[in-house]
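Quick setup: one chain, the form predicted on its own, written in structure tokens, and binding and motion questions come after.
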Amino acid sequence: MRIIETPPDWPVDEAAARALQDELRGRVVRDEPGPPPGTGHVTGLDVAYDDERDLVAAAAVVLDAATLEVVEEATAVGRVSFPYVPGLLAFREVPTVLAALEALSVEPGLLVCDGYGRAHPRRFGLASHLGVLTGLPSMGVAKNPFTFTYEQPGPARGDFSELVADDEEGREVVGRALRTRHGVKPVFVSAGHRVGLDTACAHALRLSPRYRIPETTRRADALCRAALKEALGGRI
């Protein structure tokens, strides 16, 4: 398996990464509703790490938005050259995720990340970053609320509450705590790029017919773990 090398102009320190983050977040489009749920393609994105070897495996799984059947899958394995810095994790993952996306032969449609979009300390999480770089609509569905606060939503599927930031960037609603299964703890949905929060939540519900986590994330998680295992099987 070929190992994706980090681009030569990729930021290598915190200052450079923050400068690029500031530049790119000014390009986020927030006034488009996004593709209607159940139409076109939705692509789940996830990564798995091997910290000992500084490797990251990325998976892109394209689903038919109407049936949730897999249309195409692609993976990539790359080097991790950026340090672990909270709020800048995208710089460890983006080159390899882009390589997985570029390996697809079909249009990805809506990107669904296992992480954050607007719900980020600098309001520019992985979903926003990938959306801006690719031009594709994007959203994040995270398993925890990062550092933000929320009230528990009602117990029924579809109940939600606001995910609120109150930090140096200001006080604002950055996402929602959304109940995708009755009585099960919520997921945390945020818009990334070219998608509104209402649409992002509608997609999250449609993508989670049986489990708490969307099918996009479940399938991408399994695929990137398998890709990392294969890469570590003696062919590096």
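These figures come from a predicted structure and were not determined experimentally. Heads up: residue numbers just count along the shown sequence, starting at 1.
Note that the form predicted together with the DNA isn't included here; everything after this is about it.
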Just to be sure I understand the contacts: of Leu136, Leu98, Ala74, Leu88, which is the one whose heavy atoms reach within 4.5 angstroms of the DNA in the predicted bound form? Leu88
Going by heavy atom distances of 4.5 angstroms or less, which of Val132, Ala165, Ala142, Val94 would be at the interface with the DNA in the predicted bound form? Ala142
Please identify, from 40-48, 25-33, 169-177, 199-207, the stretch that has a heavy atom within 4.5 Å of the DNA in the predicted bound form. 40-48
Is Leu126 one of the residues lying within 4.5 Å of the DNA in the predicted bound form, judged by heavy atom distances? yes
Can you check whether Gly115 is within 4.5 Å of the DNA in the predicted bound form, heavy atom basis? yes
At the 4.5 Å heavy atom threshold, is Thr147 in contact with the DNA in the predicted bound form? yes
Close approach of Arg18 to the DNA in the predicted bound form, 4.5 Å, heavy atom: no
